[in-house]
Structure formats: C-alpha cells, structure tokens
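Here's a solo chain for you in structure tokens, the form predicted alone.
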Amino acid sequence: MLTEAWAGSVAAAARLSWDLHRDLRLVLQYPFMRNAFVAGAVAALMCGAIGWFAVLRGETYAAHTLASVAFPGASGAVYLGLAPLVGYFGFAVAGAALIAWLSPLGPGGGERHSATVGAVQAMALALGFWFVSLYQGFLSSLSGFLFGSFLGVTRDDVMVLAITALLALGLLAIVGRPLLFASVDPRVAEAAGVPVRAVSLLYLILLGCAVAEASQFTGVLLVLALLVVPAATASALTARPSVGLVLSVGLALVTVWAGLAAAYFTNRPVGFWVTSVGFAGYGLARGTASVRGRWTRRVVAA
C-alpha cells in the first residue's frame, strides 16, 4: 500500500513544465493519482449538483456543520479500526437526519433551524476531538482529515464513491422539480401539495453524502470549497437554473482536478489548492458580474 512518505517523495521529484503532455503523463503514471482523479471527478459531479441547491436554499451553514459531523465519524472509524470513508458517510448522513428531526416548523422556524445546526456542529466537534484523544495514533493523520489529502484513495474507495454518487444523483433527479419549487417558495409549494418537510429531509441526507465525498479531498474544514464555491460562482454568472446547475458541475470538476494536479507538483495540501482555485474563480465571477451590471445600467440610462 502506498505510504505518505513515498508519495511525498514522488510528488517532490516532479516538476511542472510547459509541456502539458509530459505533465499529464507524470500525473497519471501512478495508480494513486489515477484513483484520485477519478474519485475527484465523481465527487465534483455530485458536489456541483447538490451544492447548487445548497446555495439556492441558503443551506451553506448546514453543509459546514455536516462537514464538522463527518470529523468525529472519520476519527471514530479509525479508532474502531474501520475505513475513514465509513465514518464520513455514516456520521454525515446521521447528522443530516438529526438536523432535520430537530428543526422546528412554523413562524420563526428559520432562526431556530440555524440554532439547531449550530448546536449539532458544536457537539460534533467535541466528539471528534474526544475520539482523537482516545486514539493517539490518529494524531499523525489529523491534518489530512481536517485539510484534505489525495493519498490513500484506493480503487475500492472509488467504487464506493461512484455508487453513492449514482444513487444520490438519481434521487436528486427524481425530487429535483419539487425541491426547486420548495427552495424558491416553500409556503406556496406546501400549499400546492409538495411535501416540503420530506423533501427537505431527503435533501439534507443527499447533502450529507456530498459532504462525505468532498471531505476526501478538501478535509472537513474546507469542504465548502468544493461543495459551495463552484455553485456560488455559477450563481454569480447566471440566474438560469439549468445553465447554473451544469456550470456548477463543470466548475467543481475543474476545481478539483486543478487542485489535485497542483498538490501533486508542489507537494502541498490538496485542500489548500482546491480552495485557492475555487476562490479565484469566484472572485473573477463576482468581478465579471459587477462589470456587466454597471454596463447594463449605463445602457439602460442612456
């Protein structure tokens, strides 16, 4: 099995050049990088689609909380001798169900929902550090869980991520229309017969799965870089749902692949590069939208 020391020496020996064909061959010559690129593509597809709804629904805080919930899941799985991926998915999905169950309905529900999300986040972080204290050996890999790593992604992990993404995106396609309706105007959607609470619960579970996938590359603290930033960038560029959804997926794919390549050639954390690439794209999109808005106002005024 590939060790971090060996992978680090391999990455350090690689140097980026102007020969893109050579650089691509260097990146893909090792199985661990091929697995990382395939897994990254799967995660980007899932996070781009589900993250777009997170931005539309204003659920970015919930996404961050589910990432915090995934932290004790990963650390607890390692303590029990299980694969971290089991903990990521198990706790993230359980946290989503807990938030949905504790969130109240009725007037003022939005504010109390935020309070519920904050309470779950605080408890999750406490549990995570408790598991770390129980198993001291985990401390050597703590930065990877918090800030991401492309090491150790196996073919079995790729299969698990791909199957999860296929099921999650299939469910998203089924509930996509009522979810969009409930996200834009939940009161009108409920009056029209849409089961808003059930749709919200299902979406939170899908969000938990997306968080678990993104955490493999960004770590639990930077999960919004892959789950929210591409979607926010797409929203800044277009208001059309179909175009924004496709653009969000494309931007997520570019972000994770560029982050993986940069991490390989620099031997720096992949979470840093994914976040940097994503934020650069978001800043460019906001600047473009601002210039376009000023130009439109000038044309209208003239």
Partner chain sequence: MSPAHPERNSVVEALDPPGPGPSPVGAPTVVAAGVAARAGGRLLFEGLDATVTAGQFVAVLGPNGAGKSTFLRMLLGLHPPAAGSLTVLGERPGRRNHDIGYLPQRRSFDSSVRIRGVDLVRLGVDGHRWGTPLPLVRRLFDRARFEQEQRHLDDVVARVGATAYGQRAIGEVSGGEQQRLLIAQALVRQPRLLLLDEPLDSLDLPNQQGVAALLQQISADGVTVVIVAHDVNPILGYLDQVIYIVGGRALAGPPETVITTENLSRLYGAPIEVIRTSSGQLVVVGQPDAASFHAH
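Model, not experiment: these values are computed from the prediction. Positions refer to the first chain, counted from 1.
Form predicted in complex with its partner chain: not shown, discussed below.
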**Study point:** Stretch from 155-163, 173-181, 204-212, 87-95 whose residues place a heavy atom within 4.5 Å of its partner chain in the predicted complex
**Key:** 173-181
Review point. Do heavy atoms from each of 35, 38 and 67 fall within 4.5 Å of its partner chain in the predicted complex?
Key: no
Practice item. Just give me the single entry in 263, 237, 249, 27 that has a non-hydrogen atom within 4.5 angstroms of its partner chain in the predicted complex. Key: 237
Practice item. Consider residue 82 of the chain shown here, and say whether it contacts its partner chain in the predicted complex, taking contact as heavy atoms within 4.5 Å. Key: no
Check your understanding: Is residue 78 one of the residues lying within 4.5 Å of its partner chain in the predicted complex, judged by heavy atom distances?
Key -> no
Exercise for review: Mark residue 188 yes when one of its heavy atoms lies within 4.5 Å of a heavy atom of its partner chain in the predicted complex, and no otherwise.
Suggested key: yes
Review point. Do residue 167 and its partner chain share at least one heavy atom pair within 4.5 Å in the predicted complex?
Key: no
**Study point:** its partner chain in the predicted complex - contacting residues of 240-259, heavy atom within 4.5 Å
**Key:** 240, 241, 242
